[in-house]
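Before any questions on how it binds or moves, here is one chain, the form predicted on its own, in structure tokens.
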Amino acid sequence: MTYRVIALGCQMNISDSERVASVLQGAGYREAEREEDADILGVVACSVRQKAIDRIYSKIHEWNGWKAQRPLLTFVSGCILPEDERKFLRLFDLVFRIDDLPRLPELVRTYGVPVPVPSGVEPQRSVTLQHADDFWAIAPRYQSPHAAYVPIQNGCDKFCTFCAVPYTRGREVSRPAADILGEVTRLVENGYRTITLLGQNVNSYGKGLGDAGSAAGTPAFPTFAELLDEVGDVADTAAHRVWVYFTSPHPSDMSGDVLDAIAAHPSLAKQVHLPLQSGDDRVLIRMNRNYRLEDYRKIVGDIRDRLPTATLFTDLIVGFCGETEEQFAATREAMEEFRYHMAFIAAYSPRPGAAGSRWDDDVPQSEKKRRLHVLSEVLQRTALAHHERQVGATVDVFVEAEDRQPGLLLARTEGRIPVRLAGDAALVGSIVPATVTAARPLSLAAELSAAHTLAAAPAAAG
């Protein structure tokens, strides 16, 4: 019996899907290389954006069509709003909350699909999760032998009026630091090159939790800056080069000690993703973003003072409820001012449960698309200017995969700028020097530096 799990949405959904795969693998199922070959098909969903929900409906429509030709069980879990969950109950065979993941083998068996336990192996016992720690205790089946996601926090207490996360993932819960450091240590020992610490609001890590769960007088929940410092200590001592990232912080919780920690450790990558969402204070107030443009401006100044080589990424929403042309212009001016290397720009779509869903969605779709296009043009100009200054420079890049075009590789700089370069597939999983030959608005072209030494690709984690 085989399975295939698809993750739709953010990096946290990818991380969740790795634990779903681990539970199915532990129950005796084998992973299928293609959806078409699987007996069990699952999706880890995302209700935060309408586009992700639309992709889920497309998937289940296709999968249910296959049921006419062969037996097939489908399931959905993940980050799901109650309204979407009710709809999914009519389309999927199984709908379960991610907290109930350890019960998945039992649910599958109840549906009538046998759990294929290998000879001599005891069936995996189903349990009900009582705490987030129980979910995090499931060892993930990492999708890559070179790059890994490590969740450190889940949920959000901010209640931004455009966002559904507090209603899909609940309130903030932090993972014990000892568990995080243990996972990071294992990844480093197994040769991983990039590690991304994940959470809906990583820099509120540990807030309000005191010394709960501490051992020998050591707090289980340090501050985020202290956690970064400890992770940096682990990664700095690796026998190979490691880059550690984190996403996403909230500007209201961003502090100088976080930037100091990044500056102090070679392994903490010089890249900051700092969501702005809007450049107009009145819109920020309606969004319940408890910072103002001047606060954000100061943080950006601190980043560029303390981390002068860091790339700066952001998130932006256009067409939020009541956004005027003047308010949109303020966002465009902020983009010009902050000169982002990358921006993830979304047209606002109401999400059931979020406060904004009760307000008039009064910016026409055509106007949202226009505003999105305007900001995209600003991004392409500012990013291209950054990239043109890189031409001729030799930079280290992490080689992620082979390109679809034979002989080319896909890589990223330490600042997570995409790079395409010629090279042998044996370089996948390595960090190598490359000389930038051309700049494009959202990427670089490069060639391997003549001085590079082929590093052996790191071994896969067990």
Partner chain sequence: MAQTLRLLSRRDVSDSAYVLRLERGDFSFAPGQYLTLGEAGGAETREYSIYSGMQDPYLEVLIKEVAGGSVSRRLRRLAPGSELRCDGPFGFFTLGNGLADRLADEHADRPLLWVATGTGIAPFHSFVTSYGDLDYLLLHGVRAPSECYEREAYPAERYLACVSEPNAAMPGPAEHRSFAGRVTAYLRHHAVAAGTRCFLCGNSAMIFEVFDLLKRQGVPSADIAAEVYF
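Residue numbers count along the first chain shown, from 1. Quantities reported herein were computed from a predicted structural model and do not represent experimental measurements.
Quick note: we don't show the form predicted in complex with the partner chain, though the next part is all about it.
> Please state whether all three residues 86, 281 and 359 have a non-hydrogen atom within 4.5 angstroms of the partner chain in the model of the complex.
All of them do, each having a heavy atom within 4.5 Å of the partner.
> Since the chain is shown here on its own, which stretch among 341 to 349, 292 to 300, 69 to 77, 310 to 318 would lie within 4.5 Å of the partner chain in the model of the complex, judged by heavy atoms?
Of the options, only 292 to 300 has residues within 4.5 Å of the partner.
> So in the model of the complex, does any heavy atom of residue 387 sit within 4.5 Å of the partner chain?
Judged by the heavy-atom cut-off of 4.5 Å, residue 387 is well away from the partner chain in the model of the complex.
> Give a yes or no for residue 327: in the model of the complex, does one of its heavy atoms lie within 4.5 Å of a heavy atom belonging to the partner chain?
Residue 327 belongs to the contact set for the partner chain.
> Indicate whether residue 286 is a 4.5 Å heavy atom neighbour of the partner chain in the model of the complex.
Answer yes; at least one heavy atom of residue 286 falls within 4.5 Å of the partner chain in the model of the complex.
> In the model of the complex, does residue 355 come within 4.5 Å of the partner chain, counting heavy atoms only?
Yes - in the model of the complex, heavy atoms of residue 355 and the partner chain come within 4.5 Å of each other.
> Looking at 257, 157, 377, 333 here, can you tell me which has any non-hydrogen atom within 4.5 angstroms of the partner chain in the model of the complex?
For this set of options, the contacting one is 157.
> Among the candidate residues 136, 167, 149, 221, which is the single one with a non-hydrogen atom no more than 4.5 Å from the partner chain in the model of the complex?
After the contact test, the surviving option is 167.
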